[in-house]
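Shown below, as structure tokens, is a lone chain in the form predicted alone; questions about how it binds or moves come after it.
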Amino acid sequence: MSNPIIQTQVLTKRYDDVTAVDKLNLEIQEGEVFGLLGPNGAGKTTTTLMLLGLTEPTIGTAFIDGHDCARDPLAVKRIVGYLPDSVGFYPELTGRENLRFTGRLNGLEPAICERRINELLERVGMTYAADRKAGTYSRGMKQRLGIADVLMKDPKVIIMDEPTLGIDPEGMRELIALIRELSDKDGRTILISSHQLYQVQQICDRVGIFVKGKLIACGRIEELGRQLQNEGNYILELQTAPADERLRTLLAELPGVRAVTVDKDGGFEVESKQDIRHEITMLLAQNGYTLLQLRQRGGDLDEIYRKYFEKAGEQHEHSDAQKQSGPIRGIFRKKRE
């Protein structure tokens, strides 16, 4: 992956005195699965709106495959598919009929349209329900049909908003595998906007953490974890026998320890400026404690996200609270249930 297909430069959107997106500089490579992470109100929705050409930036630019998202939105729509967080289909039409409608909207010849419908229904595992009314579908079925719907026009880029939200574990596993296949097999670029960290960690090549309109971290998950450790953010999970207040005091007195807390299982969480696993094992041995478990935390996305979020909070603790525009509505062809 060496060709950026999505590029933004100082992309900014202001609503009166509120800055929803603040000088976003981002490159997403062709064929990459990229996760844009952040809480509600972080600026993810506004970023998506600007990429889809549905709102103009206050300053800055956004390009997809060389097309200016603000100046040439029709060209962007031809190569970008959008999967909203709640996929809408005509409930009285079957899954097959809904896909046929999309094919006609995109000007597909009837023979090509029917062939593509059959291929996509098979690919997303919806052939068995293709001739049932879409109003009878579960959320997971709608999400899979939604991917088929997006693929009807064969887009180079797919933007997904919370694709795994509200889906059962088995359906989630299948959907994640399908999304990964769209990148690995088809070479499509996938941008996922989400706050579901575990699912994002399973699927994304890189992530960007978005807080208060700013991209505060961007990279591979393991790179972000190493960066935090280089900045002196280490957390150890420790289980011992016994686990008493004396040990908590001894741990807190070790050089470099910032905090010692007791977790819900009665173990200790030790936050430190450097790796102190050796010091802790020596301390336990010298004071008659038995080590049951010792795990260095920080490489998982939950911990990375929490730490970066805390850092952003420290940087903005004197800032006014910011509000965010509402959810995306009416993007491309979003039908009413």
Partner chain sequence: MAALYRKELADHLNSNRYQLLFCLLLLITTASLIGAVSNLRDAVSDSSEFIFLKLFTTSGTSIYSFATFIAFLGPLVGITLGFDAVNNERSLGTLSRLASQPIYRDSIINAKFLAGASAILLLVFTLGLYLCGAGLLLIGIPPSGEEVLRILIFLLLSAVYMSVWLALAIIFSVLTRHAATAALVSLSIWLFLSLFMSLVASGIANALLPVNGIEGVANMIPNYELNLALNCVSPYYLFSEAASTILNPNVRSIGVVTMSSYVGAIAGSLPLSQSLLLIWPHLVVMVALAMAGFAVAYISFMRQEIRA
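Keep in mind that what you see is a predicted model, and the values were worked out from it rather than measured. Residue numbers count along the first chain shown, from 1.
Only in words, not in the display: the form predicted together with the partner chain, which the text now covers.
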Proximity of V33 to the partner chain in the predicted complex, heavy atoms at 4.5 Å: no
Contact of P84 with the partner chain in the predicted complex (heavy atom, 4.5 Å): yes
F210: touches the partner chain in the predicted complex, heavy atom cutoff 4.5 angstroms: no
is_contact(R188, the partner chain) in the predicted complex, heavy atom dist at most 4.5 Å: no
Contact stretch among 287-295, 264-272, 25-33, 51-59 - heavy atom within 4.5 Å of the partner chain in the predicted complex: 51-59
Heavy atom within 4.5 Å of the partner chain in the predicted complex - the one residue of P91, G171, G256, G219 that qualifies: P91
R104, H195, R132, R226 - the one with a heavy atom within 4.5 Å of the partner chain in the predicted complex: R104
